[in-house]
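Before any questions on binding or motion, here is one chain by itself as structure tokens, the form predicted on its own.
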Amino acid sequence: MSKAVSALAGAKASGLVAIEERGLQGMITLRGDFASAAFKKAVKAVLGVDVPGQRAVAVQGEKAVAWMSPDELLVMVPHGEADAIVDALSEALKAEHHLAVNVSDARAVFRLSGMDALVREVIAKVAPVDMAGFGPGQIRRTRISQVAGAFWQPEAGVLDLVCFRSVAQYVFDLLKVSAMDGSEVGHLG
């Protein structure tokens, strides 16, 4: 078996904000009926968080659950725990119609950090999202220029972005250009 490696080996860049490829991150796609009490109970039992509301992220320690669509969650856990958590979710949900799949090695995660207005401005340049009303605890699944992606703010001044591993270099380069010194727009403060 080959050793897992991150998409860009921890690549970093700086400008208006710092950009860093976060390395290996456990990610699980979990699909099911959010209205089901049994589904909600299983998620809470395995992950320690409630199923989040629309466009929200729920965090408990190193685990997070993000709303991706009306029947899909993105579960984020330490990379080495992803398979065990898929097994635990599958066991807890065995009586429920569901899908739990480890998608960790198909994704890349970037962190942008710096002044909150600038972090949001860098993303506003590349994603069709109103960043003026975006803040901690929210997630958006959208386009990052020409590719699919999602991002959320774990706290003010920090934004995590996930994309497919196959486009990681493109997204990293896009973020670097968007964060170039002297490219401030000033729309967000």
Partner chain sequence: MLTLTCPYCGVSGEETEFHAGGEAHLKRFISGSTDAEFDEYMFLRENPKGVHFERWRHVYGCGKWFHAARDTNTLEVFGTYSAQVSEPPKEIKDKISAKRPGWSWRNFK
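Numbering follows the first chain given and starts at 1. Computed from a predicted model, the values in this text were never measured in an experiment.
The same protein also exists as the form predicted in complex with its partner chain; that form is not shown, yet it is the one meant from here on.
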| item | value |
| --- | --- |
| Option from 38-46, 116-124, 152-160, 135-143 whose residues, in the model of the complex, bring a heavy atom within 4.5 Å of its partner chain | 135-143 |
| Interface membership of G61, its partner chain in the model of the complex, 4.5 Å heavy atom rule | no |
| Its partner chain contact in the model of the complex: D105, any heavy atom under 4.5 Å | no |
| Contact of D87 with its partner chain in the model of the complex (heavy atom, 4.5 Å) | no |
| In the model of the complex, D83 touching its partner chain (heavy atom, 4.5 Å) | no |
| Partner contacts in the model of the complex for 51-74 (non-hydrogen atom within 4.5 angstroms of its partner chain) | Q54, R55, W67, M68, S69, P70, D71 |
